[in-house]
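Here we start with a single chain on its own, the form predicted alone, put down as structure tokens.
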Amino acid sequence: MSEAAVTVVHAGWAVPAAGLLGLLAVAGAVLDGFLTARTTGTGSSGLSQPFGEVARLMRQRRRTTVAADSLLWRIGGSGLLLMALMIITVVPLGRWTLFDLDVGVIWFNAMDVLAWAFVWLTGWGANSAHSLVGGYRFLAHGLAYELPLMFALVAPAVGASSLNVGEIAAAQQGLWFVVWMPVAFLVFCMGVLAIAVWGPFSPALGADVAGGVTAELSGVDRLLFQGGRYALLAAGAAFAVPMFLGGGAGPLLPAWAWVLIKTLALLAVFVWLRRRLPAARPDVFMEAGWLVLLPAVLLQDLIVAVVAAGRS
């Protein structure tokens, strides 16, 4: 994307950006509450459920455990929300962005790796067997999804001959990358679900281990962790827009509006998938990740590289 097309805004705009991410996370939580109410048949719409849960957790006392590492526990619990905030700093909202990094793709990859640390620290810091088992389950999933996710990010970077997120969005003016990089897009979406500990990657929070990494979380700590999961879904959906969905490209509406529309649409799909996909056992998914997903995304990268070389 040319310099005139992307404007780096003042750092003060980070506050509205964080607020916008919060609104997207709330939208995801409201939709999840609505879908949950429909699935369970509670009789209510479920739209107010997230707000009631926030009020409940704000009144709840923080749980403490014997010999807990409180510092690491708190860092892990709040870390997912911090990750989401850092991811959106490189996502252009139309022609505006907080940071126009030449290595924006690598920035996202660096942020997503932090999920390994934060989720595991949440499990480790509580000094609880159930929490620790949940943390190790997440690490097992991470060993399977991280390499495919990394190579999925390579495809649009090679297609655009750039690691700059804005330039990748600009390279899709004629054809969105999702059209001819479907494997990379699907693997990327899988990675977003994984770092948010969502849907098929929820065994780390499994009921069979009393909630896994969240077993000992309560009050504000639990609120930050759960809010971070929704924020990561929203940030991942937002990052997919310039990477695969043409950025702000679209008719009639301004570019920033199209970015929001596409983000909301993909976020809705992520939330909807929560109860539509079966939980993935870490050992089974590890086999699928290494024997199916990784070769598939490498083949996608090879095709993209051949096309990019032919164009040049």
Partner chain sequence: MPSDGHGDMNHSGRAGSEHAHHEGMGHAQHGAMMGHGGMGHGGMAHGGMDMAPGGIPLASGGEDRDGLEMDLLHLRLGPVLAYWPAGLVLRCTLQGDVIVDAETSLVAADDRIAAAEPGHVPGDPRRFAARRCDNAASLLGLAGWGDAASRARRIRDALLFTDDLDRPAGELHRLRRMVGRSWWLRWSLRRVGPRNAHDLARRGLPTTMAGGVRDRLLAMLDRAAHSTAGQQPTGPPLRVPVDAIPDLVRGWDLATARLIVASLDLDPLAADREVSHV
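Positions refer to the first chain, counted from 1. Everything quoted here is computed from the prediction, not taken from an experiment.
The next section is about a form of this same protein that is not shown, the form predicted together with the partner chain.
Picking from 23-31, 240-248, 259-267, 274-282, which part of the chain touches the partner chain in the predicted complex when contact means heavy atoms within 4.5 Å?
In short, 274-282.
A215, V187, A144, L224 - the one with a heavy atom within 4.5 Å of the partner chain in the predicted complex
Result of the distance check: A215.
Quick check on this chain: which one of L85, I106, M150, V133 has a heavy atom within 4.5 Å of the partner chain in the predicted complex?
If I apply the 4.5 Å criterion carefully, the residue I get is V133.
If we define contact as a non-hydrogen atom of the residue within 4.5 angstroms of the partner, is L298 a contact of the partner chain in the predicted complex?
No, L298 sits far enough from the partner chain in the predicted complex that none of its heavy atoms falls within 4.5 Å.
Quick one: does R38 come within 4.5 Å of the partner chain in the predicted complex, counting heavy atoms only?
Output for R38 is yes: heavy atoms within 4.5 Å of the partner chain.
When the contact criterion is heavy atoms within 4.5 Å, does A129 count as touching the partner chain in the predicted complex?
Output for A129 is yes: heavy atoms within 4.5 Å of the partner chain.
For L101, is any heavy atom within 4.5 Å of the partner chain in the predicted complex, or not?
No, L101 sits far enough from the partner chain in the predicted complex that none of its heavy atoms falls within 4.5 Å.
Check G191, R229 and L302: does every one of them have a heavy atom within 4.5 Å of the partner chain in the predicted complex?
Contact check failed for every one of G191, R229 and L302.
Partner contacts for 57-78, taking the partner chain in the predicted complex and a 4.5 Å heavy atom cut-off
Result: R63, T64, T65, V66, A67.
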